[in-house]
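Below you will find one chain, with nothing else, as structure tokens; this is the form predicted on its own, and questions on how it binds or moves follow later.
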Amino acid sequence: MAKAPPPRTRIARSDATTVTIRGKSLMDDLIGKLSFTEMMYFLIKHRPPTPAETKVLDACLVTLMEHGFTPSSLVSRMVHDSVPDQVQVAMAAGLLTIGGVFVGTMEGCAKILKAGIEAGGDLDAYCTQVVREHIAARKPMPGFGHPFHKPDDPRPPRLFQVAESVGLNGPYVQLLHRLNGIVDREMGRHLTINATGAIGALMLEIGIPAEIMRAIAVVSRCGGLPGHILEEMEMPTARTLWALAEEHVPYEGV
């Protein structure tokens, strides 16, 4: 059996007087010089983003941060009502709802787009094959459709405008639009590109790996939950939600 390489890190270290992150001094090179968005990109990609990459990533983070009473915000409010003195518990509980159904589907769409660009060749044939495979397996197409935003999700067009304004509406965005047309054709109805589909394409354009995209969604939604928890402190809703469940979910046991 081959010997495992020794454990190591390239991210950060600290001692009594210094903190070094990716070879940069936290105090001299980073604090006051990189924004939160730039710092996150720097940690992921080992380099600061360009202004264009920063604008696109920032737009993605803003897009996913808040969407009203969603599972993440509702769970955070309910948990805060049960554990009012531990705000981090309510935050963590809400973030656990980010997965393959809500918010966290961009990596599935991104993997489809990435595979298509890497394969090259006839992209229409590739898209047709992918869509037909999903239809045959009765699997939803990641990045398409929305339960509330019909016929079209209003967020992707604005995201595409931001990307175009900085020259980052490249091959992944173009393939997403091509895929959208074939989704509609093969399904016989219109399915909107949703926000996570657009964000999956844009993150590929700025070099974010598909495998880490759900983590970006978690960071974004984390930024929105403090507002919900503070509002729950000031204007409680959790007990009302509990009462509504009692009223509208009948017991049918023997």
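Bear in mind the structure is a predicted one, so any value in this text is a computation, not a measurement. From 1 onward, residues are counted along the sequence shown.
If you look for the form predicted in complex with another copy of the chain, you will not find it shown, but the lines that follow are about it.
Proximity to another copy of the chain in the predicted complex, taken as a non-hydrogen atom within 4.5 angstroms, holds for one residue of 134, 149, 178, 111, which is 149. From the list 169-177, 137-145, 76-84, 123-131, the contact stretch for another copy of the chain in the predicted complex under a 4.5 Å heavy atom rule is 76-84. Among residues of the shown chain, residue 101 is one whose heavy atoms approach another copy of the chain to within 4.5 Å in the predicted complex. Within 4.5 Å of any heavy atom of another copy of the chain in the predicted complex lies no heavy atom of residue 51. By the criterion of a heavy atom within 4.5 Å, residue 117 is excluded from the residues contacting another copy of the chain in the predicted complex.
None of the heavy atoms of residue 185 is located within 4.5 Å of another copy of the chain in the predicted complex.
In the predicted complex, another copy of the chain lies within 4.5 angstroms of at least one heavy atom of each of the following residues of 16-49: 16, 17, 18, 19, 20, 21, 22, 23, 26, 27, 30, 31, 32, 33, 34, 35, 36, 37, 39, 40, 43, 44, 46, in sequence order.
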